[in-house]
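Take a look at this one chain, the form predicted alone, written out in structure tokens.
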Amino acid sequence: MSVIRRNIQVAWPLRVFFTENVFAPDNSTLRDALADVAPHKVFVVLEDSLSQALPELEHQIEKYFATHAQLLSLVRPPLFVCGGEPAKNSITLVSNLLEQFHRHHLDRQSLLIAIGGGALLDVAGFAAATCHRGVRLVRLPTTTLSQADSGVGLKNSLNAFGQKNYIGTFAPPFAVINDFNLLATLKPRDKRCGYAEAVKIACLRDPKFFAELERNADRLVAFEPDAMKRLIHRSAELNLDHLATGGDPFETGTARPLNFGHWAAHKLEELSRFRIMHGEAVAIGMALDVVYARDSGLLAAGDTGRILTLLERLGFPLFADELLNADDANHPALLAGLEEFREHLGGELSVTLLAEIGRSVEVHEMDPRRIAAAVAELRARAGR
């Protein structure tokens, strides 16, 4: 047997811009972000909820591209599509987008600009990644969660077979543009959801940022713009730092270090039929895992208390009735999330737990009795 072996390395710049009123004619952020590829075709897709929240947005977008027509060619008026988690639950939206891309002759040098929350960005990103094996994607996230976390990552996905994100790709976006003004119409619940991912990344990578979140908790609960902007900016920066230096940006190994709290969160979303939003589920999942880590002797009680208290101060319930659901064999339905988590990456189970705020460890088994005890403690805490 003979073998030819080469190491293939790809350098991919990932840029996240911060601005306000991105489609104002005199705002050069988007034009400058696309300058390296202009002039080329541009296709814009927007989450349909924006049509009610920002009725002038469609006109602003068309006017912007008319102003910069010598550089950017808008192939059709912006396309409004459904958003939210239901958009990820079938292939329909992807098929519709691909048909539109074909109709307007998009190519590998074309640009898809996706404007919406994390679910819409997931679906549009999947369509972009599979058209001609990759149309350039520009994300404009419109939720706190997607500006701070999911919108600045590499993943695109759909839900399938009862599992969240079963179908998907890794495809770095050409650019991400965070326009803080796009958050103005969010309901308080939607604004708050992104805070959970900020707590997560602070727990994993930056104890100083965690302390900052503690100091700013009251301002964040009041949705003060400066506090929210700081949370989004630092969260995005920490996520990009991990992707650039973590050594496994495409998750080819068996660990998912940025998915602290997520094995339970993904299952909770499914068990609640997505009544529980992603950020809310992550908060519960982190609470469960920090209590478990404390009871396992990994995490000090003081750090555990700080994390639980911060999540509660930010407005997150730390218990949901779905934690008590049982399957047909009368086993805790939540535990299926562990096997789904393991199967997603293959190999042995790898769950990220905290050793202290700012430092994590990987464990390869979880004790069902200790999980049940953690659930019981969170239930009692919620009752108090």
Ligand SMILES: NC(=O)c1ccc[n+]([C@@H]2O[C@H](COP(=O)([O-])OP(=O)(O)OC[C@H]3O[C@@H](n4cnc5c(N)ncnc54)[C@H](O)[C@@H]3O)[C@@H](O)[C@H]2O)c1
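Numbers follow the displayed sequence, beginning with 1. Since the structure is predicted, the reported quantities are computational estimates derived from the model, not experimental observations.
Beyond what is shown, the protein has a form predicted in complex with this ligand; the following relates to that form.
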Is it the case in the model of the complex that E47, S146 and K155 each bring at least one heavy atom within 4.5 Å of this ligand?
yes
Although this ligand is absent from this view, report whether D241 comes within 4.5 Å of it in the model of the complex, heavy atoms only.
no
Applying a 4.5 Å heavy atom distance criterion, does D190 contact this ligand in the model of the complex?
yes
Using 4.5 Å between non-hydrogen atoms, is K267 touching this ligand in the model of the complex?
no
At 4.5 Å between heavy atoms, is P249 in contact with this ligand in the model of the complex?
no
Name the residue from T130, S73, S272, N165 that puts a heavy atom within 4.5 Å of this ligand in the model of the complex.
N165
Of A119, L112, C203, A293, the only residue with a heavy atom within 4.5 Å of this ligand in the model of the complex is A119
Looking at 103-111, 203-211, 299-307, 119-127, which one sits within 4.5 Å of this ligand in the model of the complex if you count heavy atoms only?
119-127
Taking this ligand in the model of the complex, which residues of 160-188 have any heavy atom within 4.5 Å of it?
K164, N165, L182, T185, L186
